[in-house]
Each structure stands twice: as C-alpha cells, then as structure tokens.
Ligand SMILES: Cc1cc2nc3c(=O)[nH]c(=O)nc-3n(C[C@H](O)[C@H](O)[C@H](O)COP(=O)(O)O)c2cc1C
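Heads up, the chain below is alone and in the form predicted alone; it's given as structure tokens.
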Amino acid sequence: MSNLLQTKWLGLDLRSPVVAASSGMTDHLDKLRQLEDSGVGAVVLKSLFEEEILAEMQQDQSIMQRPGPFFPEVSEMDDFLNNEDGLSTYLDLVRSAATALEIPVIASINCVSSQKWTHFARMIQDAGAAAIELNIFLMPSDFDASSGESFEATYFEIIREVLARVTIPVSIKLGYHFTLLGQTLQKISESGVAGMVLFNRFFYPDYDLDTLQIVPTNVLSTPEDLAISLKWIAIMAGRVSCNLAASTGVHDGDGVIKQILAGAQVVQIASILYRQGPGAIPGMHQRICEWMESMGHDNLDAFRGTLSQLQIKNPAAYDRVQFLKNYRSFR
C-alpha cells in the first residue's frame, strides 16, 4: 500500500485513514482478516453492550446464590441478549484478533452509564486491545434526566471511570444532541480522551401499518449523511485537544478526502461495507492516492484541515452565509 496514506489515530500508527467501524462486519475473526487484507488501517470490533456486561454479572451472582435482586434494570434486556454473546465471548474475540491481525484492534463498548461495569475495561485491555472506543448512547428524549447538565455529566463520569482503569488510548463516539455542541465537544476533548468520533448513528423508527409494530428505517447511511459530520469536523478541527474521526456518510474515496480536508485524522466506514463488502476499500484508496498525486500532496498532513473553519478566509461560510444562500435560493 502507498505510503501516501499513512497516518496516526489515538497515537497508533495506521497504514490508512480508512477504519472499519464497529458493526456486524467486525464481529468475527474471518471478517476481520478480510478487512485487513483489503487494506483498512484499523478495525473497531462490534460493540459490547453495557447491558451484556451487567447480564453476565447478574448471571454470576445467580450462580453464587446471593440473596436479593442484582441490577434489575438488566431484566428488561433479557429478551434481546444472545446467551452466546457477552463478555467472555467478546474477550475471546479481542484476544484472537489481537493475535492474528497486524493492524490495530480497537474494542468498542456501547454504554449509557458509568455504573458497575467500568472495571471490565481493564479486562479488555489485558485481552490485547490496542485502544477502547466508548460509544456513549444517550438519547435526548430521556425525560428522566433532571437537566441538560446531568445529561452531559454522564459523559464525563463514564470517561473518568474508564480512564482510571486503563492505560491504552480511549476514544469516545457520541452524537450531536447537545445544547452547545461546540463547547461540549471542546470540554470532552480536554477530559483525557485520545480521540472523538463524530458522530454515532441513532435508531430511526418507522411503523409497519399491517402489524402496528415499530420497525427500523434508514439503518444504513447514504453519501448525503456526510454533511453533519463534515460540518462539525471542520468546526472543531484545531479547537480540540485530541484527534478527530469522522463517521457516517463516507461511502467512497471522495468522502474520505473531504473529511481529511475538514480536519479528520481518520474516517470510519460501515454502511459501504454492508453494501459492497471489503472489496470497496481498494477503490477508495486508489481514488485518494490519485487525487493527492494530482494535487502534489505526498502525505495526508499536507492537506489535512485546509478547509476547516479556522483555516478558511471566511469562517462564516459554515453557518450564516450558507444559510442565507440556501434560504434565498428556495424562495
């Protein structure tokens, strides 16, 4: 692979800025080997859910026959948890992948609280993970939260608890549902995390009118979904104290180039892997290299962030100016 594509993410040396995101495409060693062979820079394993950790803890207590309920909130998830999944199986995947692959293996934990499970992060580190990605999945529709401050405080509590237990790099993948998104991202970047992934993809519901059931819709992203992360990578580049990764909407080499122009260190891809498989990656690499050579760039840093808000002559182009242009064009 061309040296043009070498980069760093979370202090790790990567041969490519294209990272396989946490998904069903990264849940088995055979799939991970295919991704490595295709040229990705790193893989993020399919997420281990906080509920799975708590369920296994609950099962362990049941075996020990301790009296009283243990984490009753987990009982609501029982119907959705596969007994073959869970912490033990996940640790086996981390170990086998870390041994078999030459590229960095990043573990992923999908979590909603800092309670009771965070000491298992050390077990994941000991299994051989090169880094941990915390996919913090808090919904803004949570009416139990007493205030916006408590919503945001949960992020910092989770980060603090995990950082206290591991020495490997930790990144955080989060959504954009904050009142003051820019300020919050800046504060999170100063919490000790090595990177932030913008953004995770929430569940979007639809209705089946025959069964009157709630069903998912728009599960996979499209190239049009690039806009939100592209905007916020560009706004935050140079304003944060950690690496930035772009996620959602990257489906080709052009998407990768755009996110690096905005200031991303790497990009994470998933939907294109579901649609085309690992075979899509060499074409992405070819496009990036051809574009770089046509522009006279011999490394990614040569153009990284050149279109970020801090670097362009008219920073308002990311907000007010474009709003006015679009508004007038549709009158």
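In this text, residue numbers run from 1 along the sequence as written. Source: prediction; values computed, not measured.
In what follows, reference is made to the form predicted in complex with the ligand, a form of this protein that is not presented.
**Student:** Could you spot which one of 250, 132, 97, 245 gets a heavy atom to within 4.5 Å of the ligand in the predicted bound form?
**Tutor:** Spelling it out, the residue with a heavy atom inside the cut-off is 250.
**Student:** At 4.5 Å between heavy atoms, only one of the stretches 285-293, 299-307, 261-269, 29-37 reaches the ligand in the predicted bound form; which one is it?
**Tutor:** Partner-contacting stretch among the options: 261-269.
**Student:** Give a yes or no on whether every one of 21, 47 and 221 sits within 4.5 angstroms of the ligand in the predicted bound form by heavy atom.
**Tutor:** Heavy-atom distance to the ligand in the predicted bound form: all three under 4.5 Å.
**Student:** Classify residue 151 as contacting or not contacting the ligand in the predicted bound form by the rule of any non-hydrogen atom within 4.5 angstroms, answering yes or no.
**Tutor:** Flag for residue 151 set to no.
**Student:** Using the partner position in the predicted bound form, report whether residue 120 sits within 4.5 Å of the ligand, counting heavy atoms only.
**Tutor:** Close contact is absent here: in the predicted bound form, residue 120 is far from the ligand, nothing within 4.5 Å, heavy atoms only.
**Student:** How about residue 199 - does it come within 4.5 Å of the ligand in the predicted bound form, if we only consider non-hydrogen atoms?
**Tutor:** Yes - in the predicted bound form, heavy atoms of residue 199 and the ligand come within 4.5 Å of each other.
**Student:** With the ligand taken in the predicted bound form, which residues across 86-109 come within 4.5 angstroms through any non-hydrogen atom?
**Tutor:** Counting only heavy atoms within 4.5 Å of the ligand in the predicted bound form, the single contacting residue of 86-109 is 108.
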